[in-house]
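Heads up, the chain below is alone and in the form predicted alone; it's given as C-alpha cells.
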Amino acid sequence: MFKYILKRVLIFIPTLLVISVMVFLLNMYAPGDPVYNIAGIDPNSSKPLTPEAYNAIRGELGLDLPVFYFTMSSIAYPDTLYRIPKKEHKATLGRLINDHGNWEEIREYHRSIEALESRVLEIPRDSLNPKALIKIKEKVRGLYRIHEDIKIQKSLESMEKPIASAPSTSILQPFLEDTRTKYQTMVNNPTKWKTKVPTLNWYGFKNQYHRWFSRFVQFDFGKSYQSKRPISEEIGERIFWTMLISFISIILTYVIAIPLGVFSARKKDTLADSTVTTILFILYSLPSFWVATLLIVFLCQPEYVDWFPPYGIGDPAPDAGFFETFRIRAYHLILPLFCWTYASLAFLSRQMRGGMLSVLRQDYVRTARAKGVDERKVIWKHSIRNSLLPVITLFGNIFPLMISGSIVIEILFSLPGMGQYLYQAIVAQNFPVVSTIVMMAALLTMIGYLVVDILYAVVDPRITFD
C-alpha cells in the first residue's frame, strides 16, 4: 500500500505540471488586457495609460518576460517578440511575419505606426480639428490590428483627407508618408522562405510560467486585479465558509444516503421502495437554483412564511458567546445546506440502492441467509462493504467542491464563499483568481481520487495494489 501511495504521489507531479501549463495558457490567452484590468482603466477610454505607466505595470506583473522556457517557431520570428507590450500588436506582428517573413522590415513598419500615433497624440485640439483628430486616431490604432494588404491600404488612404482638413493636422503628412513607405518596403521585400525553417529559442527559467508556478507552490497567488490585495488573503477569508458548508453537506449526504439506499434495496418492489425512489428521483431532477429561489420566496418573505433569513451568514454581536454565534450562523445556513445537499443525497441514495441490489444477488449472501444468519448481520456485515464501492467512487468528484464551492447557491444566498468569489472573478476578468481556484480544485481532485483508491482497500480487503 505504501509503495502504491508513493507511486501515485509521484504521478501527481507530472499531472499537476500538465494541468498548470493548461491553466496558465488559458490565463495568458484570455480576453482583455491584464495591465488595464489591474489599473482599472478602459483601454478605449479617452485617457488611456501612458506608455511609461503601462510598461511599469507590465513589468510588475512579469509580462515583460518570455511566456515559457522555450518557443518552437521559424527563423522568421525574432526571439524578442515577447517584448512587444500589447497583445493585439503582438498578434498582428505574428500574422505579418507569417505573410511576409521579413522581420526587419515589419519592425520598421510597426515603429512608423508608433511614431505616427505619438505625433497625433501631441496635437492639441482646436476649433478646426476635433473630428479630424478622432478619425485619425481611430485609423492609426486600427493599423495595429489589421494585417491584410487591402485593409491596410484603405486605412492609409482614408487618413489623407482628415490630415489635410486642418492646419494643425497637416504636419502629420510626412509621418503618414513614412508609414506608407515602410509598408511598401515590407510588402516588396518578402522572405517567406524563412517561415518554413524551424528553430528553437531557449529562454531559461526567467519566464512567466516559471515565475507564476514557483510562486503558486509557495502559496503566493499574486494580487487581485480589483482589490489589489493578495489573493491568498482573500481566499483565506472565504474558504472557511465553503469548506464548512461542504463538509457538513458531505457528512449529511453519506449519513442519510447510505441507510436510505440500503432500506430501499431491502424493500425492493414494495410501496416503501416506490415512494422513496419517486421522492429521490424528483429531488434529483429539481435544479438547485430553482429550489433555492422558491425557498427564498416562500420561506423567507413576510408575504408567505417568514421562517428563515433570505441571505448572508448572520451578524452576531461582537460580544456574543459561542453558542449565540453558533445559533445565528446555523439559522442562516439551514436553507443553503439543504440546497447544497439534496441533489447529491438523492443521487448517492440511488447509487447505494443499485450497489446493494447487485450484492444481495451474490451467492455468498444467499449462503449466509441459508445458514440462518440474522438479516441485519447479512446486510450490515456481509453486504454493506461491497455495495459501498460505487458510492466511494463518487467521493472523488465531491471532494473538489470543498474549494470551488457552489456558485449558484452562494450567489442566491449571498454567502461569502469561494463559489461567489469565483463568479465575481470571472465576471471581472480577474484571471489570477480564476486560475488559482482552478489549480486548487485540480489538486483536490487528484487527492480525492487517491483517497478513493485507499478507501477501496479499506472497504474491500480483496483489493490489493501490488
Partner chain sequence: MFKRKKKAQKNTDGNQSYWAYVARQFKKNKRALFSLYFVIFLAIIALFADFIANEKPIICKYEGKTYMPVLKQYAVGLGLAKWPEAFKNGGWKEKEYDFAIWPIIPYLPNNLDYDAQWASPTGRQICACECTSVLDDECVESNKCGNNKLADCNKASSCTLKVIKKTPNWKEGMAEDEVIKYCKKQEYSIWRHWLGTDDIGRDVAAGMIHGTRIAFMVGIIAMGIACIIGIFLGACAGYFGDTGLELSRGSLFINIFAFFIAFFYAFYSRSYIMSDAFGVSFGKAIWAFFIGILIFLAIMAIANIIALPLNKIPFLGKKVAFPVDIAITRIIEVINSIPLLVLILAIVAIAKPSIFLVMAVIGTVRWTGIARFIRAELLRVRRLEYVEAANALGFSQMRTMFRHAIPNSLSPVFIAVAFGIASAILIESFLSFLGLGVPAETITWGKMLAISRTNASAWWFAIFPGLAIFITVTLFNLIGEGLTDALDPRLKQ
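Positions refer to the first chain, counted from 1. Rigid core (definition): largest C-alpha set, two forms, superposition within 1.5 Å. Predicted, not measured: the structure shown is a model, and the values here were computed from it.
Just so you know, the form predicted in complex with the partner chain exists too; it's not on screen, but the next bit is about it.
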(message) Which residue, 139, 350, 180, 210, is the contact with the partner chain in the predicted complex, using a 4.5 Å heavy atom cutoff?
(response) 350
(message) Just to be sure I understand the contacts: of 386, 155, 165, 74, which is the one whose heavy atoms reach within 4.5 angstroms of the partner chain in the predicted complex?
(response) 74
(request) For the three residues 65, 244 and 323, verify that every one has a non-hydrogen atom within 4.5 Å of the partner chain in the predicted complex; reply yes or no. (result) no
(request) Answer yes if any heavy atom of residue 363 is within 4.5 Å of a heavy atom of the partner chain in the predicted complex; otherwise answer no. (result) no
(message) Given that the partner chain is not shown alongside this chain, does residue 218 nevertheless sit within 4.5 Å of it in the predicted complex, heavy atom to heavy atom?
(response) no
(message) Considering non-hydrogen atoms and a 4.5 Å limit, does the partner chain approach residue 301 in the predicted complex?
(response) yes
(request) Could you confirm whether residue 18 comes within 4.5 Å of the partner chain in the predicted complex, counting heavy atoms only? (result) yes
(message) Partner absent here, but in the predicted complex, which of 265-273, 172-180, 114-122, 196-204 has residues with a heavy atom within 4.5 Å of the partner chain?
(response) 196-204
(message) At 4.5 Å, heavy atom to heavy atom, what parts of 285-304 sit next to the partner chain in the predicted complex? List them in sequence order, or say none.
(response) 285, 286, 287, 289, 290, 293, 294, 297, 298, 301, 303, 304
(request) Could you check whether the CA atom of residue 217 moves 2 Å or more between the shown form and the other one, using the rigid core for the fit? (result) no
(message) Is residue 77 displaced by at least 2 Å at its C-alpha between the shown form and the other one when the rigid core is overlaid?
(response) yes
(request) Please check if residue 311 moves between the shown form and the other one, taking a CA shift of 2 Å or more relative to the superposed core as movement. (result) no
